[in-house]
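A lone chain, given as structure tokens: the form predicted on its own.
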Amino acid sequence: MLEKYAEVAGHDVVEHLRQLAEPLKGLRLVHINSTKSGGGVAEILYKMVPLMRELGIDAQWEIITGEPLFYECTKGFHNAIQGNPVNLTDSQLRSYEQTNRDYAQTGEAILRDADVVIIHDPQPAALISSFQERKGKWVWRCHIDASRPFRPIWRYLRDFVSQYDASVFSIAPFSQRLPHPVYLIAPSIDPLHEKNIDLPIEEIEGIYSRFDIDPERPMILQVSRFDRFKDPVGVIHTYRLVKRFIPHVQLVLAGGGASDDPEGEAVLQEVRTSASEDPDIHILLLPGDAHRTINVLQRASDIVLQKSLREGFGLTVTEAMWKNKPVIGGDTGGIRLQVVNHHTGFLANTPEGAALRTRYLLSNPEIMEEMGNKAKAFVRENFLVTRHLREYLTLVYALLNENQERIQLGG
């Protein structure tokens, strides 16, 4: 599998990965999150774990699950970390803690003897309290924008997070001061995933009849979960502002939900109400494995939006840029790391700003093409899974050799 990545990222990149992994062969590493599908974390782990195994690391991927109260609580954590005031009940917090204790008993043998455990986001964060005597290093990986958390909830979570040996955030502004080393590792996309591979033109053209989209008219697309932080209602507002000047424009809102998000159905209903049965607004509720469909939609689109109000990183931005699309994104979180304003796309704070940039690109196709080419080159250099894997390997090696003044890899 790694040799296939050499064709995309370069043979020197893959050789570097093999050198980094050589002293880690046989290491027992466990990733834990709360869902196997839906959202960027699951997509990253779906490819990261097999690649680690190919490099000789004994990598496993485990899932923590719970009752509805548990998911209500963890959704509250997610919103609170991104700055929303949230009131959680004692019963919700008890469910959270008990779910983590129950899982700790189930996975005790795996976790206690692991060399490295990487806990993703708040859902399994309390697990560490059940492993005060543990063999390996534990890392809390936060994929959320924690720059301005709701303090009462963050204080509660910080009591757990502080017990870890290290934390990882996507970019510096997301991080919090903690009593252990804090690392920065940006997420990535897999260029060989079905969602990102090149497709025949016939398959791309087939999407129009499949979803009743007019191929002769410009198409605006946003791909994301139906989540208020993704601002799908704001996207509809943007589309209507564009339509005043470009009446033949179409909008596609494509996405689904995650199994650990209890608010998705309510947001979807808000979106349908806002669309008001406009025949040029296509709301596509896609299953979690509709990767090829998303690939086709992104390639068929003229303009890609990611008008998030808060964003951990925004892998749908990366995916669209990989397909030579300039993205108009919310001026927030990890989108800022990817969308270099006026070069690989545009940043916008309001529906009015997003509409202005959309009209500009639709009116200047040569600029749109130039920006799209820059966008793909930027992703190739910075946001492929090979870079992500390299930084995880470096993190693990640093943690296991933290007492050495100088770490040397290779001969």
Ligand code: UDP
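All of these numbers come straight from a predicted model, not from anything done at the bench. In case it trips you up, residue 1 is the first one in the sequence shown, and so on.
Another form, the form predicted together with the ligand, is not on view; read the next lines as being about it.
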TL;DR on 119 to 127, 287 to 295, 100 to 108, 197 to 205: the one with heavy atoms within 4.5 Å of the ligand in the predicted complex is 287 to 295
Go through L315, V304, A146, V139 and name the one with a heavy atom inside 4.5 Å of the ligand in the predicted complex.
-> L315
Which one of H237, K243, R228, R225 is close to the ligand in the predicted complex, taking close to mean a heavy atom within 4.5 Å?
-> R225
Looking in the predicted complex, any heavy atom of G76 within 4.5 Å of the ligand?
-> no
Contact label in the predicted complex: G256 to the ligand, heavy atom within 4.5 Å = yes
